[in-house]
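There is one chain below, alone, in structure tokens, taken in the form predicted on its own.
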């Protein structure tokens, strides 16, 4: 995973760290199983989420209880030494003391570690470090640490302006973006289109936008995605609720979403990629996520998508084309 414009779309795979109560020996076994499962996928990086409660984002009961997890940075450093690709460690800025966050930035091996900075889940959240302060600390203590920002298509659809938030994060140092889970492909296309043309108008670089995909194997998982703020179109929700095999239906929907977004970004020469999320403890959902990543690697590794990304990298950065 190069920090320069990608020669082909990126493929990432996202996991959550084990529960905080996990014994070190079991954490090592989990890491070993994860590495074995993913090693043949030829991933550009492994993403490790920084899980937060987020109950302040939604007054309704959480479909799954919040269980604190190991710190993602600690899990990567202590248990993923055998992983031979980059890791992208999420940092929820509000959870961390500024001094501790600065020390973490300074300690990272920039050849192996990337990060994504995440802001508070709502304006009412109590935070220890604000997102702008986290960006400042990263610039001061780890200027060479490749850092991404979060992009939320639903926020763009409901309020507008997400493309300007992306440009502000880019000005602060973001060299790529990872979206919230995408089920509403129209919202994702509108967001990335506005971002692309705004960059072109300003004469600035369009950095890669990585779209997150997540298979959904049950109505409870669907409820959790919606609780997190993911917009699932009515027709898609109906399909998932009334099919005899929601996991297979969801898998097919993720493939269709990926194809649509790949074609859109290819046509507009927008650098892009996909992040396949695997956050379920259900084996069937984990295996479906791995199959989805393998399918996307086959699709992205050759053909129009890879060729268009190479053309995008060679073209004038940020110049709108359609």
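Owing to the predicted nature of the structure, the values given are computational and were not obtained by experimental measurement. Positions refer to the first chain, counted from 1.
As for the form predicted in complex with a further copy of the same chain, it is not shown, yet the points below apply to it.
The putative spot formed by 73, 75 and 136 is not touched by a further copy of the same chain in the model of the complex; no residue has a non-hydrogen atom within 4.5 angstroms of it. A residue is said to contact a partner when one of its heavy atoms sits within 4.5 Å of a partner heavy atom; residue 167 fails this definition for a further copy of the same chain in the model of the complex, lying far away. In the model of the complex, a further copy of the same chain sits within 4.5 Å of a heavy atom of residue 190. a further copy of the same chain in the model of the complex comes within 4.5 Å of a heavy atom belonging to residue 239. Using a 4.5 angstroms limit between non-hydrogen atoms, residue 268 touches a further copy of the same chain in the model of the complex. Note on the partner interface in the model of the complex: the residue among 203, 161, 186, 81 having a heavy atom within 4.5 angstroms of a further copy of the same chain is 186.
Distance criterion of 4.5 Å from any heavy atom to a further copy of the same chain in the model of the complex singles out 233 from the list 233, 132, 229, 173. Contact with a further copy of the same chain in the model of the complex, judged as any non-hydrogen atom within 4.5 angstroms, is confined among 173-181, 193-201, 96-104, 206-214 to 193-201.
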